[in-house]
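Just the one chain here, the form predicted alone, laid out as structure tokens.
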Amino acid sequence: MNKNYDVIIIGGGVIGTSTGYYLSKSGMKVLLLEKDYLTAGSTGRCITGVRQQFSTPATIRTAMSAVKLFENMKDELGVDVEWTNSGYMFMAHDEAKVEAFKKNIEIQRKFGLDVSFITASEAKALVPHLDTDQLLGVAWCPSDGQASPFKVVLGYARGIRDNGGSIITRQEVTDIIVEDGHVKGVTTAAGVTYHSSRVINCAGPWAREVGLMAGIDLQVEPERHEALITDGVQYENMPMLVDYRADGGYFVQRVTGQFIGCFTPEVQVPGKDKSSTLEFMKEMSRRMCKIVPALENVAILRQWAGSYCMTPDGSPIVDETPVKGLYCSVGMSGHGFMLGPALGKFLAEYIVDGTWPFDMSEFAYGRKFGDKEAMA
């Protein structure tokens, strides 16, 4: 068996598979190695939302590019990824949030995003079940949406194979081979060595450990986030509702009629712990019913937990590292599924021809971490 490749990718979530797809589409011989199964990390545990409402230029433009890719995936990949432009509503319950959202909207609209600040009554007209008590207004973007993470990864994985690439699951990388500052390949737990002058770290919550194999200490740390999904009810095309109050959360109705959502706990749980708690189920239920009281009698189907892989400023690290030929696309900070398709395409283009589509310094390796993403 020939174990020489143009590029080796570590990680089988949306970041790894999208990057692999676009590289294989360009003609490169791709090997993707996943230590478990595809979507076993953060991708398969996300809540499916895809938004463009961010506060910094590169993230806004990346998200807008990703939405265009999501919209065309059925034709591009031959898989119905259940994409729908169901929209996102960021709800403002105090004047500070009103002003913050309006400021962000000014930036977003400069790039052509179809976002606006609407009144509580206008929001109620769009979402009749919404509780608008104390609601001052909403940042509303109708082109935001949702898709199935499993079908997106399935489509990209099929594309890699159709383009002549290889995917090997249950194959954990245990070492990255570096000689004279250049990457040369990887070795797996099975003792197999694969050779390449390009290796990409797309390992999600394991990104730091993978980086250290090559002597690169990435400033990324995983933390636990819990989620739940309800039984299916009548589909009403309800958008993602985002409540930034201390006891708020975010949830959306899937095309299946189920509601899926989560909230960010006040006390973060660092690490890769995937346990789920009764406290979360009770608290998430309360928060959902506070925003949409009609959900009171909807049954919870299941709950789970997964990892956000956080950077100090909440923006990804997508770049070549100081080890020549070693790239990383890590630290998605909870936005990996929504940004993944575009970041995969951008990184593939950078590896092939050395150029980014626009200024990507926000995502650069070795940057000085500044203010956090305002719409995290």
Ligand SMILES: Cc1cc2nc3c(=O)[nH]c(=O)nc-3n(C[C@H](O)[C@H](O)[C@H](O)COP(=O)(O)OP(=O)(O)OC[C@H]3O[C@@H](n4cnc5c(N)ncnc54)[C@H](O)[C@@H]3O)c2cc1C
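Being a predicted model, the structure only gives us computed values, none of them experimental. Numbering starts at 1 and follows the sequence shown.
Only in words, not in the display: the form predicted in complex with the named molecule, which the text now covers.
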property: Heavy atom within 4.5 Å of the named molecule in the model of the complex - the one residue of K151, K97, H225, R254 that qualifies; result: H225
property: Candidate from K29, K345, R45, R61 lying within 4.5 Å of the named molecule in the model of the complex - any heavy atom; result: R45
property: is_contact(Y327, the named molecule) in the model of the complex, heavy atom dist at most 4.5 Å; result: no
property: Residue contact check: S307 to the named molecule in the model of the complex, 4.5 Å heavy atom; result: yes
property: Distance check, G334 to the named molecule in the model of the complex, heavy atom within 4.5 Å; result: yes
property: Proximity of L23 to the named molecule in the model of the complex, heavy atoms at 4.5 Å; result: no
property: Option from 77-85, 202-210, 115-123, 281-289 whose residues, in the model of the complex, bring a heavy atom within 4.5 Å of the named molecule; result: 202-210
property: Within 138-156, the residues that have a heavy atom no more than 4.5 Å from the named molecule in the model of the complex; result: none
